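Let's start with one chain on its own, the form predicted alone, as structure tokens.
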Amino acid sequence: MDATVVAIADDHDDSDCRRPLLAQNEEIHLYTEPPNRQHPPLDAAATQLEEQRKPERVASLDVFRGFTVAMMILVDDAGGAWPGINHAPWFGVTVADFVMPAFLFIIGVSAALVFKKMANKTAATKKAAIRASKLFILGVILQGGYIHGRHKLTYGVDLDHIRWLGVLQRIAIGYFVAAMSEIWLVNNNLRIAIGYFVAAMSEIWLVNNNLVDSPVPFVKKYFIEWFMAIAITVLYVALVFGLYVANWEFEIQTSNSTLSIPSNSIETKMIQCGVRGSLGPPCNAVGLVDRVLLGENHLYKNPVYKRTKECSINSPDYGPLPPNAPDWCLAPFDPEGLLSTLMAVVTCFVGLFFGHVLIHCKNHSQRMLIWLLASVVLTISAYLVLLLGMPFSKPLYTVNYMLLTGGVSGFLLLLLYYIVDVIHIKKPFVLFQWMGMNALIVYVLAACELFPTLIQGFYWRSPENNLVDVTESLLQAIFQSKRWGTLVFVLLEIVFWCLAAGFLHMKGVYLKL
């Protein structure tokens, strides 16, 4: 019986059937499907051609994607009760700081598989642009301030204060750049690539669709993408350490409750900078670029540095300001800003490399060896950059933070690939695999709190008496601990979404943009 597998590359695939990933001569054997008896092949050549169109599916990619979404839900919903799994206040890394880069990484892997071969590059470009636009707009709606989240049965946003950037927007940008790179930049002819950038000659096809079977053709095929990733990194470093950050002002709204009629007023705060190359919260170039290009009103109003010792007496958790707290503790800062998104895009390029290895290497051993070497190199490079003086920082998305999270993502993919696709231990990971098949819709409904917000709209007599809050409060009472009750509630939430995704999978429903 011929081994075939339906392929799900990522949540952006809009073909009516699942998109092929790998050639049949590779070693993954996941599902079997009998030949179509109504339309039997005419000869052996036709049979071979038909088999080549039914490539293998890499189940570990779904598991990786689902595990990442589950971790997003865990750190977002339980991080407040468990600061140890919450994001680092500014410098350093925690478990939570590996989650978003892992999602960008798997987007890069998926893009390499989806755009492996294209019949029409212009059509592929159009589709990628439409998908990225939809995802970006959805991010603005969900994370721009329009939906006020749990515990607030209100919605709406002042367009003068809408937040333009966020997690979904960063995913959209990373996906689009990775897709454009795969569609237009991959080739063994540098002059053609340069010609495209200079003249934008849409009639020149830049991707060589032939498989490579040795290191030299592999490098020739993809070195332009590597060059682009290095160029983006150099640009980031040049801007972060080269831009002059002058003194700057921001406005905050204050209330005066001493009067008979409380009133609100606008107070202006001045931040003293006048430096270059600072990586601290108040005077970094990442914040400067966002304030200049996006405007102060359109930045995130509750940045993570409010959990630093300078800004919270409960650090590393949020809390009241300590005495003599600096004014910048009240300033806005966007952790998904423009300059930091440059390095987030490079994480997608790291994923592209791992996807290319998956496509071109002929057997498990070759793939795992190259992935292992790449992950080791990325991780060691991260600590070498740390020794040079650049700290790990997710809000800034520093170079070594990108290298470290890329390396760890590579190790995780290697481990899951070996367990799920090489030695075929799948049952313990089936929940994550289901979630990975509908990762985008689960992220939107769960991690963005859209579904809990909708459920909370139905309550009994008082808004606090809703299914979500009552369930969480009941678990906290059972465990006699707010922290443990919240953790169990979030774990049950993850299981619920895994089962919901499994139900969609069994019905053959894969929701996408």
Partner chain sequence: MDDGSSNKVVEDVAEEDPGRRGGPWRTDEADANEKAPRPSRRVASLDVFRGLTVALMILVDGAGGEWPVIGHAPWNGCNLADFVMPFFLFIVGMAVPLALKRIPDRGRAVRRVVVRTLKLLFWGILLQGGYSHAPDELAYGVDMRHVRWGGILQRIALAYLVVAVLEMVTKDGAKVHQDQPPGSSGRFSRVFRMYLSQWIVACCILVVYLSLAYGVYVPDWEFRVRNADSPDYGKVLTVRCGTRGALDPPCNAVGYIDRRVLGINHMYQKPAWRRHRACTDDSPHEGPFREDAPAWCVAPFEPEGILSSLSAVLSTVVGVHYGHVLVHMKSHTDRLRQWVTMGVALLVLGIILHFSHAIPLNKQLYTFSYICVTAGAAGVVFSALYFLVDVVSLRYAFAPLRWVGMNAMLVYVMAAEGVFEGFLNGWYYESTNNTLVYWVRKHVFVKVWHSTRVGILLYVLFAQILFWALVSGVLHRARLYWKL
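Residue numbers count along the first chain shown, from 1. The model shown is predicted, which means the values in this text are computed figures rather than measured ones.
The same protein has a further form, the form predicted together with its partner chain, not shown here; the description that follows concerns it.
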Can you work out whether Val140 and its partner chain are in contact in the predicted complex, taking contact to mean some heavy atom pair no more than 4.5 Å apart? yes
Do Lys117 and its partner chain share at least one heavy atom pair within 4.5 Å in the predicted complex? no
I'd like to know whether Tyr244 contacts its partner chain in the predicted complex, with contact meaning heavy atoms within 4.5 angstroms. no
At 4.5 Å between heavy atoms, is Asp158 in contact with its partner chain in the predicted complex? yes
Answer option from Trp226, Tyr418, Tyr146, Tyr318, heavy atom within 4.5 Å of its partner chain in the predicted complex: Tyr146
Could you spot which one of Ala325, Val219, Val430, Ile162 gets a heavy atom to within 4.5 Å of its partner chain in the predicted complex? Ile162
With the partner removed from view, which of 440 to 448, 456 to 464, 480 to 488, 63 to 71 is the stretch that lies within 4.5 Å of its partner chain in the predicted complex, judged by heavy atom distances? 456 to 464
